[in-house]
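Okay, here we've got a single chain as structure tokens, the form predicted alone, with questions on binding and movement later.
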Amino acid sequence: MKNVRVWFKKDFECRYISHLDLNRCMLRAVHKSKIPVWHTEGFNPHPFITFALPLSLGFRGERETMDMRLTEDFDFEEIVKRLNTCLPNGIRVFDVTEPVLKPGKIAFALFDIKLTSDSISPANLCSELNVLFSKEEILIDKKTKSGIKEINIKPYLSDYSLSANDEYVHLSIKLPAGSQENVNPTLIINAAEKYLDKEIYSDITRLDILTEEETPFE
């Protein structure tokens, strides 16, 4: 048997399907494509697939991963072709490789975020965000397994850039991700709404996932 890593993009209407629905969608695609994938044993066998780092609902994903195990050697380009034939337009497989790293090696994620508000121009919003991000402490409530916890997100604002054009504010940011620590970029947006007292709309794309050494996950 051979493990393979499927790389895909998630966009358009598919950004609004949950991770559970994405899992179902991929299982159907694998089944319809007739790729020789290993099935779980037991009363209800099904293709065994795993995702390295699930994507939040509403986010676009440029470099998402799914692992599966083949029962025989199979051409990687043929896997790409067959899966895309069975997937909706919002999910496109662009590569298949042999896994290099285990998902536990993921430590960071890169995000590209577009921010707008009906009550302020992009230039002024960008200026106010710069002032906010320069504060020594930025407190926001975060939902955890044990309940609501107030956290300081300032330490997570160590690697970002802000700019504005006529349409939106562009925020590029690297945040902790993975099993050890995971910071959702919506926390940053919620903090901005709280401190600036404005409703802010966001369009979030996860560009890549990185290791602790800040190299691309492979």
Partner chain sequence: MVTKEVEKLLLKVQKPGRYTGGELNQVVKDKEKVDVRFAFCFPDTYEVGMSHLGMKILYSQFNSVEHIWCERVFAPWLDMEELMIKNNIPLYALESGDPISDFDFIGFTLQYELSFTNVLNMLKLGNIPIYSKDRTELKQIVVAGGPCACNGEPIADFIDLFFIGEGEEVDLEVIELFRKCRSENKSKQEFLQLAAQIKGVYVPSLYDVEYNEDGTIKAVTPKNGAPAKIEKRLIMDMDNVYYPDNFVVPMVEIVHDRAVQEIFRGCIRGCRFCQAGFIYRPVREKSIDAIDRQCRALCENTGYDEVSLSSLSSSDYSKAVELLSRLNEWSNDEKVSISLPSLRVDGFTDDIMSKIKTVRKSGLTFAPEAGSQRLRDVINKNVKEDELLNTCHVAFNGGWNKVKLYFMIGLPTETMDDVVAIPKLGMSVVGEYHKCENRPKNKGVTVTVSTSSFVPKPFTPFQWEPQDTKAQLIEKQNKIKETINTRKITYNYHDADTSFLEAVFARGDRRLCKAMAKASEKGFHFDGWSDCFSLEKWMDIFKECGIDPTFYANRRREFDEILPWDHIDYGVSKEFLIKECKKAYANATTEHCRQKCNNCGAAKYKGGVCFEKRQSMV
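Residue numbers count along the first chain shown, from 1. Quick caveat: nothing in here was measured; it's all calculated off a predicted structure.
Quick note: we don't show the form predicted together with its partner chain, though the next part is all about it.
Peer 1: Tell me the stretch among 147 to 155, 176 to 184, 26 to 34, 61 to 69 that has any heavy atom within 4.5 angstroms of its partner chain in the predicted bound form.
Peer 2: Going through the listed ranges, the match is 26 to 34.
Peer 1: Would residue 161 sit within 4.5 Å of its partner chain in the predicted bound form, counting heavy atoms only?
Peer 2: Residue-level check for residue 161: no, no contact with its partner chain.
Peer 1: Is the gap between residue 13 and its partner chain in the predicted bound form 4.5 Å or less for some heavy atom pair?
Peer 2: Contact check for residue 13: yes, within 4.5 Å of its partner chain in the predicted bound form.
Peer 1: Taking the shortest heavy atom distance, is residue 97 within 4.5 Å of its partner chain in the predicted bound form?
Peer 2: Heavy-atom contact with its partner chain at 4.5 Å: absent for residue 97.
Peer 1: Applying a 4.5 Å heavy atom distance criterion, does residue 103 contact its partner chain in the predicted bound form?
Peer 2: So residue 103 does not count as contacting its partner chain.
Peer 1: Consider the chain as shown here, without its partner, and state which of 80, 87, 125, 132 has a heavy atom within 4.5 Å of its partner chain in the predicted bound form.
Peer 2: By the 4.5 Å criterion, the partner-contacting residue is 87.
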